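For reference, the chain that follows is the form predicted alone, supplied as structure tokens.
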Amino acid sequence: MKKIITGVKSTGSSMHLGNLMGAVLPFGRTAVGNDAAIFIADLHSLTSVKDGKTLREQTLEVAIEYLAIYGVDTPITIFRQSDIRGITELMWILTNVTPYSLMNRAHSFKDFQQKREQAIADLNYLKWKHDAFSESNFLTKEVLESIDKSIHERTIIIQKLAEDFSENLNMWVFNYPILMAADIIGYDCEAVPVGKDQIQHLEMTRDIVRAFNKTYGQEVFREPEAIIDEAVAALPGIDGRKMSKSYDNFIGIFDDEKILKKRVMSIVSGSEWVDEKKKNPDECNIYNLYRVFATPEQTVALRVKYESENIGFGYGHAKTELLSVLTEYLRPYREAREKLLQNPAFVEAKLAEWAHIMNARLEEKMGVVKEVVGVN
């Protein structure tokens, strides 16, 4: 049995199908036979959520959704990051041994910097474009006014974007990989399930462990290993790209029926007529989503329809069938969430129970850490 852990930020909209099939259910399978925990990273969420009421609501929503999916009697320990009393204290101690150069290499920080620099570059380009058109002798007054209005509107949008990046590019963005390390090694976790795009975060944790152990000449922390499930494939979004909140191409698990239908019916498809043989189903977004949630028999039946002609079957019919299997597949989760929404006190009690367990683990570890570094 291994101690394993993963985390999820309490930001933005609730879970989507990509989260469910790519992370939540795979973690549930990995948890079997292991001592597994999930922390709801509300402290990490401070980088983007700047309203206390909103953050609390979103954090509770994440807890409810996990309980709806795993069940209220799940053996997985689900806890709120901010309920752990010593986690930021451990982060501060780890900061003492973390090289500045290591933080500078973090993908998250570099990405934030690049977006800010791109916004500034876009502003400079718009200024140049405005000046160039203003000096033109070949455009009418009406055209120039129209162009000027368009550039002005675009400038306001990008200016706001640049200001947001500048304001939010703070020390928390720079330092939060250290808190991520504390979230793992503070509980003596041996392994972390990660996607290939998250491996750097775990490698940074391992680097911090080595730095601490070397500094103090003791093997206080263990180096966690990565668990990579090669069988987990990225789920396509409604536009064919990987399903992501960033692309706004996701289908929410807990969206109401109208929004769920709207999202499904918005899936990009081929242009063949109803009675035409459809494109290769393996290259169709609708089919590739359908076969994930349908039974093998249903999947075979839909494939036959794709490969048939003159049967009055179009992409709209395929989307309707997808909506039907999705509704049925998600029904237990959606019903469980509705019940939990009616009893937030129960959810809070579960979080408190699990926080007690994780606080005890961290306190035990911190006793060793404080003795080694020489603080009370």
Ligand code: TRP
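The first residue of the shown sequence is 1; numbering continues from there. Computed from a prediction, not measured in an experiment: that's the story for all the values here.
Just so you know, the form predicted in complex with this ligand exists too; it's not on screen, but the next bit is about it.
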Exercise for the section: Look up in the model of the complex whether Ala41 has a non-hydrogen atom within 4.5 angstroms of this ligand, and give yes or no. Expected result: yes
Practice task
Using a 4.5 Å heavy atom cut-off, state whether Val192 contacts this ligand in the model of the complex.
Solution key: yes
Problem - Ile78: touches this ligand in the model of the complex, heavy atom cutoff 4.5 angstroms - result: no
Practice task
With heavy atoms only and a cut-off of 4.5 Å, decide whether Tyr290 touches this ligand in the model of the complex.
Solution key: no
Handout entry: Candidate from Thr98, Gln298, Ser269, Gln198 lying within 4.5 Å of this ligand in the model of the complex - any heavy atom
Key = Gln198
Problem - Options 211-219, 69-77, 184-192, 278-286; stretch whose heavy atom lies within 4.5 Å of this ligand in the model of the complex - result: 184-192
